[in-house]
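What follows is a single chain, given as structure tokens, in the form predicted alone.
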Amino acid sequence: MTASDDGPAWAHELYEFLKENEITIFSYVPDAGHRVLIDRSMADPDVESIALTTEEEGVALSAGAHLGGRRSVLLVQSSGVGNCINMFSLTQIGRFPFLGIASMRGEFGEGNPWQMPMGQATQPVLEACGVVCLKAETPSDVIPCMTAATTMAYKSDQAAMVLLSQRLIGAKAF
């Protein structure tokens, strides 16, 4: 599949990868950077697509999914990572698998000054909270980063998040 009005090919490949790896719960706060994953999960009768009122609910939802024998992914924008900081302690104390994907802001070509602080702090904050970060800068990085993160989360019971760089997803006009 090529880039089109239906989104970039890498995003569709990412959705297929998640399904192949038994991810059946997609939690998110609406975000244009995750449009393909959100839209496809909403249209797919084989998965649950759960809109959150705030991002940290997705961390708790991941714990519940694990306890129920299911796999989940939290789709979050870098600015929403700040809302999850306290809940990431749950992943460390509970030692359950956590898989997330962050669409980055405040990086390459950012024109919105309000996105800069958390965009720059996202990776250091996640790492300070014990979350392994893998950054996808190009379309060819996406699946290898997701493969590594999925392995770390679901075979090593770690918290792992793939950061989709702003260079990859494109800078939004402000």
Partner chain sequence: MSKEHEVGSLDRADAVPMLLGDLDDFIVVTGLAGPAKDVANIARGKPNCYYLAGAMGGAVSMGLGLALAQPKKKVLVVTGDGELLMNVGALATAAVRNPANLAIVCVDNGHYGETGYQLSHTTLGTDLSVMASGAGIGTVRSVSEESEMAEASRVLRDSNGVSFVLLRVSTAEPPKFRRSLDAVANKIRFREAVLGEA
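Positions refer to the first chain, counted from 1. Remember, predicted model here, so these are calculated numbers, not experimental data.
There is another form of the same protein, the form predicted together with its partner chain; it is not shown, and what comes next is about it.
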property: Listed range touching its partner chain, judged in the model of the complex by heavy atoms within 4.5 Å, from 116-124, 134-142, 33-41, 59-67; result: 59-67
property: Heavy atom of each of 25, 50 and 90 within 4.5 Å of its partner chain in the model of the complex; result: yes
property: Its partner chain contact in the model of the complex: residue 157, any heavy atom under 4.5 Å; result: yes
property: Interface membership of residue 82, its partner chain in the model of the complex, 4.5 Å heavy atom rule; result: no
